[in-house]
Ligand SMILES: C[S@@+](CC[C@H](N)C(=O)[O-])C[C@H]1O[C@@H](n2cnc3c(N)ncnc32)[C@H](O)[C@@H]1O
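Take a look at this single chain in structure tokens; it is the form predicted on its own.
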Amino acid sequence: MNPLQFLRLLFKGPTHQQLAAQLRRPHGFMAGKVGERMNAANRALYEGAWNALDLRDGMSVLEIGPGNGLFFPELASKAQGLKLFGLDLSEDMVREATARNARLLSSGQLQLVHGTSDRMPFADGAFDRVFCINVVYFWDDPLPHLHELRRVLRPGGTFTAVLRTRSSMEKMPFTAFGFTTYEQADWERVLQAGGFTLQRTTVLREPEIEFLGVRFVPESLVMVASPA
């Protein structure tokens, strides 16, 4: 980043394109703030995901894209003896999540890994549940990611994707830069192409937000799928 770009960020804030790049992979001096804003924006979506996961004692659970890891302690309380894993594309987010979750990491209940979900460093059949929140927009080609998900899921396992609908995302101009957005039928077709069968969908209507002077109620989908 050149000095002029830095000054613009400092005094005017990021452009839509810069914000989109940060949401894809938080990095640099903006990473901490982006992580905090994602936590605030995604709180209701985490509740929806946890309700859909149908967690039971002793399960192994992977979150793709956990950011700074704020929600791992709450997830750990959803059942007894859960084995938790986080995989994030951002080295900065993995560092923050590591600092934030020292107790869970030292106990061995949580492992954090820097990497990408189309080449996961996990054994076949490692997980009972995999989930992600506001991540699938950034999969330029979803099929390698879904093939990897099928590989790491155990028999009877599920993949839960939480995503805001295209009609909601289009109200936020930064999504024009590098986001692939979906309505329910679109994502179901992608799942089928990747070897998954949609089990159920829950529609979430989030609290009203304001973006660039426009107030609206975002609508999100919690879509639970299993390998076909």
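Keep in mind that this is a model prediction, so the values were computed, not measured. Each residue number is its position in the shown sequence, starting from 1.
FYI, the form predicted together with the ligand isn't displayed, but the following is about it.
In short, of 47-55, 182-190, 196-204, 60-68 it is 60-68 that has heavy atoms within 4.5 Å of the ligand in the predicted bound form. For the options 42, 168, 160, 175, the residue carrying a heavy atom within 4.5 angstroms of the ligand in the predicted bound form is 42. Contact between residue 144 and the ligand in the predicted bound form is not found at the 4.5 Å heavy atom cutoff.
For residue 134, a non-hydrogen atom is located within 4.5 Å of the ligand in the predicted bound form, even though that partner is not displayed. Contact check for residue 125: no non-hydrogen atom falls within 4.5 Å of the ligand in the predicted bound form. Contact annotation for residue 115: at least one heavy atom lies within 4.5 Å of the ligand in the predicted bound form. In the predicted bound form, not one residue of 158-186 has a heavy atom within 4.5 Å of the ligand.
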